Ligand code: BES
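Okay, here we've got a single chain as structure tokens, the form predicted on its own, with questions on binding and movement later.
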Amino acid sequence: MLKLTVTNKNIKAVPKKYVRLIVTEKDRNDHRLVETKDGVLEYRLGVGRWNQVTPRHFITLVRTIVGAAKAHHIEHLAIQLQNSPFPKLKERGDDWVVRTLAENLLLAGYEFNTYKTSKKKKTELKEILICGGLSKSEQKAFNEGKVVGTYTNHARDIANTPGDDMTPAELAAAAKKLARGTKVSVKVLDEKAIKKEGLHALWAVGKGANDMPRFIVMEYWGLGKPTKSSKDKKKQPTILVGKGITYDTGGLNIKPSGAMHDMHLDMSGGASVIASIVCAAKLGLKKNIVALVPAAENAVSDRAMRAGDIIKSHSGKTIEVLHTDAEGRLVLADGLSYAQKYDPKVVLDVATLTGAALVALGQQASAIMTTDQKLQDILVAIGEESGDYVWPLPLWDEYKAPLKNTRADVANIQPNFSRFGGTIEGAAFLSFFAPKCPWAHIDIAPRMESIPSDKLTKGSTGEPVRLLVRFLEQS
């Protein structure tokens, strides 16, 4: 794991084992490794005009630094960016700069090598030394950034693990392991408890697999657990619900060839809420938080859910299954309904729900849908602050009407099999099961896997852990 250390020394005074990063205003394609007259190695990196470096550019710049260090086989790198020369970062403040620096150094340093068998030792980036010292406030922000970066990478580890090794039971075990040593309690409902609790939509999705579904309940009472007689609204918890489909074949409406190999990542929403609640505990947030992860494998078998089945959900509403590959919304429906027992103040659900989200937004941002304008504005703003970008789509009543034209209370897709507005359709379905408190649905399908411009290793991005943690800090 990449080590981040801090020194009060100026970068010019650090030992020669450190390659010194020198940031210049030259073109962004201008970068080179040079040896000075006194035998010091410098990596000179052009970033363009300093007054054109925005917060977004800064995040990419930090990741680029790590990528360049790896490419040049640098083991020890010294940088001095916290008192940055970039005027557009001033509005964010120095604490934001150092926290963002720590987060993104760790995100860019991450690699998933669990399944690689090569014993050949390679030169790897071992340490980044932050020079110039930090104020007390900056040191706190830097430490917070390290915690957030670390737990985002934990989410990536969980999501990157193949479905054969990350079954619903293994996902529950991973949640317990991650929470160990913190004040997060973990309760896991097995198949018997799932049936007893009335989580029938979750059961319907997972019953076709050899590995039975699980419902993971994680609780963190940073403000103290509310009692039945308590009227203190400050103790109402924030609920995070994460889709935990550990592998998605599409069910009997099986996915086409080429569209299934990355479906171990279909539990990325579950991984992100697991990591977020544990991260909140490690940060010592004085907040009450509950994370719910309905976990199942959507498999093909003689026991699998059929298109045309009608399911009674946890809420009591009946659902007609018109397409078995619209399964994520079924498990989330039960998760959202279960959340209401906590009398929450706000609920966010996170899911790799629709491929249509990529059609709508590309792969640069997750989609958010809510009827609460204030909550929408907060999430968009925190997305910019954290680097986990989100963008709103409408969630009007008009989108709900077609889903009621069915033999049950609601259908899981439009009965006419419309190809239009699929991302909104998913959120419209969930709105039938959403609590009365402020609620937002975050479709992270566009951000499930990294793209070249992210400057991250291939696989899970770990989004939206940074967004969720900042939301928890500010809510």
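Note that the coordinates shown come from a computational prediction; the quantities given were computed from them, not determined experimentally. We number the residues from 1 along the sequence you see.
In what follows, reference is made to the form predicted in complex with this ligand, a form of this protein that is not presented.
Enquirer: Among the candidate residues A440, L61, I413, L430, which is the single one with a non-hydrogen atom no more than 4.5 Å from this ligand in the predicted bound form?
Expert: When this ligand is considered in the predicted bound form, the option within 4.5 Å is I413.
Enquirer: Using a 4.5 Å heavy atom cut-off, which residue among V147, M263, L134, A307 comes into contact with this ligand in the predicted bound form?
Expert: None of the other options qualify; the answer is M263.
Enquirer: Can you tell me if L353 lies within 4.5 angstroms of this ligand in the predicted bound form, counting non-hydrogen atoms only?
Expert: Answer yes; at least one heavy atom of L353 falls within 4.5 Å of this ligand in the predicted bound form.
Enquirer: E327 near this ligand in the predicted bound form, any heavy atom under 4.5 Å?
Expert: Although this ligand is absent here, E327 would touch it in the predicted bound form, with heavy atoms inside 4.5 Å.
Enquirer: With a 4.5 Å heavy atom cut-off, would you call K207 a contact of this ligand in the predicted bound form?
Expert: K207 lies outside the contact set for this ligand.
Enquirer: Check R156 for me: does it contact this ligand in the predicted bound form (non-hydrogen atoms, 4.5 angstroms)?
Expert: Output for R156 is no: heavy atoms all beyond 4.5 Å of this ligand.
Enquirer: Between this ligand and D248, K255 and A445, in the predicted bound form, does every residue show a non-hydrogen atom at 4.5 Å or closer?
Expert: Spot residues vs this ligand: full contact, yes.
Enquirer: This ligand isn't shown here, but in the predicted bound form, which of 281-289, 318-326, 332-340, 174-182 has heavy atoms within 4.5 Å of it?
Expert: The contacting stretch is 318-326.
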